[in-house]
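Just the one chain here, the form predicted alone, laid out as structure tokens.
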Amino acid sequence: MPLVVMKFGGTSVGNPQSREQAVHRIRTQVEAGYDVCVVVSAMGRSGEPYATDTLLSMVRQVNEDVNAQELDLACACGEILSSVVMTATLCRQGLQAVSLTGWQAGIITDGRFGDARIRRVQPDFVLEHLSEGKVAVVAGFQGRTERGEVTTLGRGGSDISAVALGVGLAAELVEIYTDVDGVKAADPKLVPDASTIPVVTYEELCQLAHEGARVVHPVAAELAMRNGLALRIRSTFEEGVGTLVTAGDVDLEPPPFGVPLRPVTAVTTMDNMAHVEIDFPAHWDSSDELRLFRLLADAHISLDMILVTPFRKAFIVSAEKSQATRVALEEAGFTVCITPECAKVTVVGGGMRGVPGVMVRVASALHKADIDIIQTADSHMSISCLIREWHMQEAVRALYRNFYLGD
């Protein structure tokens, strides 16, 4: 039988009404003749009794210095409980179902507690239950090491679980169910009437995920792309086909004669960033440049929007890392200027590859909104601008309008 993996996030399993909606989605696929593997996140969000943050807080109130391995064991409980509750709901509705932990489902990881990477998937146990006509409900976000130690896959890791199982089970489709009806052309919190994108390419989805869009985990997007796995993002609560993620070979209705292909698919943001600038005197050389970046690597500080010129180095870091960045560099003798409260605004689109004039449209939109650009970065399908954080909403709306993303 064809097989589908269906992943439901925390808001989709957080209360009885949401779970009933999820059951309706699952039943639809079962009645359509699919074997179904369901992956669930922990129930609810921060502050709710069984959310991951709540479990972490419970442990840290006892001991702030609990090691990552112990925290992983605590965090895994949220998804396990969620899988059991979802299984009970399915069985009450007349569907055969069984709950499985991530390790029972065959997810084997390395030993990076708190941010483990999947090494392989051995889904024999899942396949056994599917062959018996059961829905396999798997606790997302978790796996085990070769030694049997419980690990978690990092925030948003249930997406990774779903795609990895989709690959391991040779699924026909992986569906990511959330509280929005697909990938949006902008964050609905910033553009309330943001349009839903019917089709995006794997590359666009990966770029959007890495640039701050919170629809699918970046690792899950890359894993789906590498394996050519069909992916669809849908709403648990609304009817509609959602967003299909493809390699770009889906036949779509062409634009009217004389209307060019749209260069930008969506605009996304990353806030809470700090801009770091280091002046390089003329007598310094490449060895000092190497020392600069090595210091930051050794301090486990991730850099973005890196700009390197003979007399100036600049990049951005997360706000929470800004003080550690200052300390590491000043102790090493570097002169540092840090601008806090910055945001990165990025336009993404496979249609901009090789198309002149996209940057001038970006700059024009921000200029008309009286927003200064601090620094830029680009790739073959994205242009990012660093701005002051308090301009973020207006910047997103200006770019959304300028590229006609609502049409």
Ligand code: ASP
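Everything quoted here is computed from the prediction, not taken from an experiment. Residue numbers run from 1 along the displayed sequence.
Not pictured, yet referred to below: the form predicted in complex with the named molecule.
- Query: residue 291 near the named molecule in the predicted bound form, any heavy atom under 4.5 Å?
  - Reply: Close contact is absent here: in the predicted bound form, residue 291 is far from the named molecule, nothing within 4.5 Å, heavy atoms only.
- Determine whether any heavy atom of residue 166 comes within 4.5 Å of a heavy atom of the named molecule in the predicted bound form, and answer yes or no. So residue 166 does not count as contacting the named molecule.
- With the partner left out of view, is residue 143 within 4.5 angstroms of the named molecule in the predicted bound form by any non-hydrogen atom? Because no heavy atom of residue 143 falls inside 4.5 Å of the named molecule in the predicted bound form, the answer is no.
- Message: Residue-level question: is residue 42 within 4.5 Å of the named molecule in the predicted bound form, judged on heavy atoms?
- Response: Yes, contact at 4.5 Å.
- Task: Scan 156, 114, 263, 218 and let me know which has any heavy atom within 4.5 Å of the named molecule in the predicted bound form.
- Result: In short, 156.
- Message: For the interface check, one of 313 to 321, 129 to 137, 87 to 95, 157 to 165 should have non-hydrogen atoms within 4.5 Å of the named molecule in the predicted bound form; which one?
- Response: Looking at the other structure, the answer is 157 to 165.
- Query: Mind listing which residues of 68 to 99 have a heavy atom within 4.5 Å of the named molecule in the predicted bound form?
  - Reply: Heavy-atom contacts to the named molecule in the predicted bound form: only 79.
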